[in-house]
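The chain below stands alone, shown as structure tokens; this is the form predicted alone.
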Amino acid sequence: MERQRKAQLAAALMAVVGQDGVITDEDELRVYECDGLTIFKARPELVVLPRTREQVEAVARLCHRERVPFVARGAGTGLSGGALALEGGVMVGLNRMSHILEVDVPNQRAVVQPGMVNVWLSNKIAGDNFYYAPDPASQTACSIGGNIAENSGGVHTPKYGVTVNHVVGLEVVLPDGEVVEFGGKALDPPGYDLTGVFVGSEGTFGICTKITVRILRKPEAVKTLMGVFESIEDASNTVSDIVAAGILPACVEMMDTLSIQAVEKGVRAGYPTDAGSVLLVELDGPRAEVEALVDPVSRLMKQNKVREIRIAKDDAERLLLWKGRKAAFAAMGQISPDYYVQDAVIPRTKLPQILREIGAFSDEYKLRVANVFHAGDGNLHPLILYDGRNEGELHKAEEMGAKIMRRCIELGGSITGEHGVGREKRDYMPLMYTPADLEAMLKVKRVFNPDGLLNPGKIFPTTKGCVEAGAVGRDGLRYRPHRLEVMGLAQRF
């Protein structure tokens, strides 16, 4: 953006949100150049920090009128490059819009702003014996608005579903500044389910400014079991057996040896560091039901050669076990300078096979892989460990990640379970969808975002230039053709 135009735009934005609500300093803008996936960076030219819906509306109208690309950002914990300012322009930071607007306990609803940190809502309503079920691993930092953009999952997904299952209404500012409302407090309002369409649209349809969610009564009883296994295959078979037995745990999470060792160095959650894997199974519901399920789950673990079964004796021990699991990504810094997180889904019965293949890829590329995943719904998070200071290691990590994605799809899975497509996986989309499928999605996007100004460059693959060695795309980032070649997609672009 030309300097004079940038100064004029900054002045206009300051007139909307105040001088302290616009960031122009280059050093301060650096904070906003990436999300939790740091291998992709793109710095916005301006950051604006609104406090109200009206301010978001005015910012959108201004960007639309001036034909300036803009993108909304929550807490910046995303892991797909979904909130990067790929074409520069304006970033709309929503972290100042972090209030609870209403708690309606009798109707089991709460209304919040998009910058509300996920766990804050559960903390607020805990005194009424209620909680908000979607719980991503980053729930102490991530925002509910960001969860809506990515349709985030979490450890409680097997029983309680993902974000879309708990959002019933939205107030949205469209890219031209128009304000619309989708859904409401009713569970199934008449008309098209535009709330469901919006959740998971990755910030390409509009900016939500008010969110109505379902809140749930806390279960009467909770039991958390930790099974310690010599091999990750035995733990994987246990997961399949639990599901086949008709048991529906609230959570089923798994970690392998590397993940365990990283977590124990950082959190000391009590996982045995010599184990091949640990399996966390949480049961909740009526007390009689929970107590009745402990023995069947234990028997299934024993059938699969479990070495040890530990049942959390109280809430403190249970929370420590989960603290270890939720700190797994951050704990990787204990054992590796860098890591590249993957996010894919496979049928649960394919867990042993894909884990063997990931091990083979690890040997092929001579890069360690720490496996952490939501085993209950087949959502894998292989963490490819590398050292970015070594020439070519990031390249190898990306190439290996591409192979993992291809195999997951070939086994009947998907390229994302909860992190979204964003910038990272957009070139993988043709592996799952035909050109006609992608065009249908683009048509839906154009209904909401006809000018393409809001969050450009996300979800959908770029055009021919991206396969030319060293080509630079519209987002100003240098593409690596090997990613497409490994995926077998180069001929499609």
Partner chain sequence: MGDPAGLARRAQEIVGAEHVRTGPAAAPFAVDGLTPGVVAAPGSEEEVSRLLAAAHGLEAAVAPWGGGTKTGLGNPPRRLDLVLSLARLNRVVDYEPGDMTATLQAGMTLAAAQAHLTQKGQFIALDPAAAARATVGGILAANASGPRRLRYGTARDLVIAVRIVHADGAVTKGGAKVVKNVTGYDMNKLYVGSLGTLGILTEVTFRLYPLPATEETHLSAFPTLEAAGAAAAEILGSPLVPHAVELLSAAAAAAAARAANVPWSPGQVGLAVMIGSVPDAVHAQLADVARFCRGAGSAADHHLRGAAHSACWEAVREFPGPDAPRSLILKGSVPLTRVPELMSRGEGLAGQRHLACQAVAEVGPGIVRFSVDAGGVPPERAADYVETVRGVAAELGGHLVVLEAPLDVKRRVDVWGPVGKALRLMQGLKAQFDPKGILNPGRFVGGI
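These numbers were taken from a predicted model, which means no experiment stands behind them. Positions refer to the first chain, counted from 1.
Beyond what is shown, the protein has a form predicted in complex with the partner chain; the following relates to that form.
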If the cut-off is 4.5 angstroms on heavy atoms, which of these, Lys210, Arg310, Lys159, Arg407, is the one near the partner chain in the model of the complex? Lys159
In the model of the complex, the one of Leu79, Ile346, Ile384, Ala402 near the partner chain [non-hydrogen atom within 4.5 angstroms]: Ile346
Against the partner chain in the model of the complex, would Gly191 count as a contact residue? Criterion: heavy atoms within 4.5 Å. yes
Are any of the heavy atoms in Lys443 no more than 4.5 Å from a heavy atom of the partner chain in the model of the complex? yes
Look up in the model of the complex whether Glu418 has a non-hydrogen atom within 4.5 angstroms of the partner chain, and give yes or no. yes
Heavy atoms within 4.5 Å of the partner chain in the model of the complex: does Ala316 have any? no
Taking Glu150, Ala186 and Ala292 together, does each of them reach the partner chain in the model of the complex with some heavy atom inside 4.5 Å? yes
Go through 425 to 433, 44 to 52, 58 to 66, 23 to 31 and give me the stretch that gets within 4.5 Å of the partner chain in the model of the complex, heavy atoms only. 425 to 433
Do any residues of 190 to 204 have a non-hydrogen atom within 4.5 angstroms of the partner chain in the model of the complex? If so, which ones, in sequence order? Pro190, Gly191, Tyr192, Asp193, Leu194, Thr195, Gly196, Val197, Gly200, Ser201, Glu202, Thr204
